[in-house]
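In structure tokens, one chain follows: the form predicted on its own.
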């Protein structure tokens, strides 16, 4: 899905200001939210892709105004309601005020079993496709071409894993892109490396020459 969370390459947010390493928590509430998140993952209430998708589904204005741990709380509360741990009404009653939850999920998809043989050094193109559910493909690389520079072990295919669907695991390929291809006239010259799932990639074939070939 294309959501407000997918900020790569978007304009209007100002310069990134590195702040170095700081304290991981700034309040007792953040510690409790983090502990709750870890506990429920370990208990199997949801997996990491389902959690990510719950964050992605937040109402855009809420997402932009929320802190990191408020987004975490919203996703966890949403998953608890969707899994039947408690109802939205019970949550509102306990909080003493309405608690905003993420919007309903759209459909997921299983991975394609017919995948191209990709190796380090191959030139690949990211598929120019849009899906309504969870996906771990940054929007700014959609339809772009790059070179494979590394291969990682198989992981759960997020488009299925984020929706509780069974699907074969897939490798991710470290694909190197030219920043000027990603953001023409809007970026300094640099190489951008992105881990891309196998199912999001196609082998880039060289164009066929229109010149006549000599007879054998």
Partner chain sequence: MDQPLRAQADALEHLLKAKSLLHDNDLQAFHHQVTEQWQPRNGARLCARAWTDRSFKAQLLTDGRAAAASMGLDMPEHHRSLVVLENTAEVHNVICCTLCSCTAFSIIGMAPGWYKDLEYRARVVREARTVLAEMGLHLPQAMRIRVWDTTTDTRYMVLPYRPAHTQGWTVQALEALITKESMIGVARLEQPPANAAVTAPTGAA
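As the structure is a prediction and not an experimental result, all values here were calculated from the model. Residue numbers count along the first chain shown, from 1.
Quick note: we don't show the form predicted in complex with its partner chain, though the next part is all about it.
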query: Residue 39, heavy atom within 4.5 angstroms of its partner chain in the model of the complex; finding: yes
query: Heavy atom of residue 115 within 4.5 Å of its partner chain in the model of the complex; finding: no
query: In the model of the complex, residue 90 touching its partner chain (heavy atom, 4.5 Å); finding: yes
query: 4.5 angstroms heavy atom contact with its partner chain in the model of the complex for residue 147; finding: no
query: Residues of stretch 25 to 39 in contact with its partner chain in the model of the complex (4.5 Å, non-hydrogen atom); finding: 25, 26, 27, 28, 29, 30, 31, 32, 33, 34, 35, 36, 38, 39
query: Sense of CA distance change between residue 177 and residue 19 in the model of the complex, threshold 3 Å; finding: farther
query: In the model of the complex, whether the C-alpha atoms of residue 20 and residue 29 sit closer or farther than here (change of 3 Å or more); finding: closer
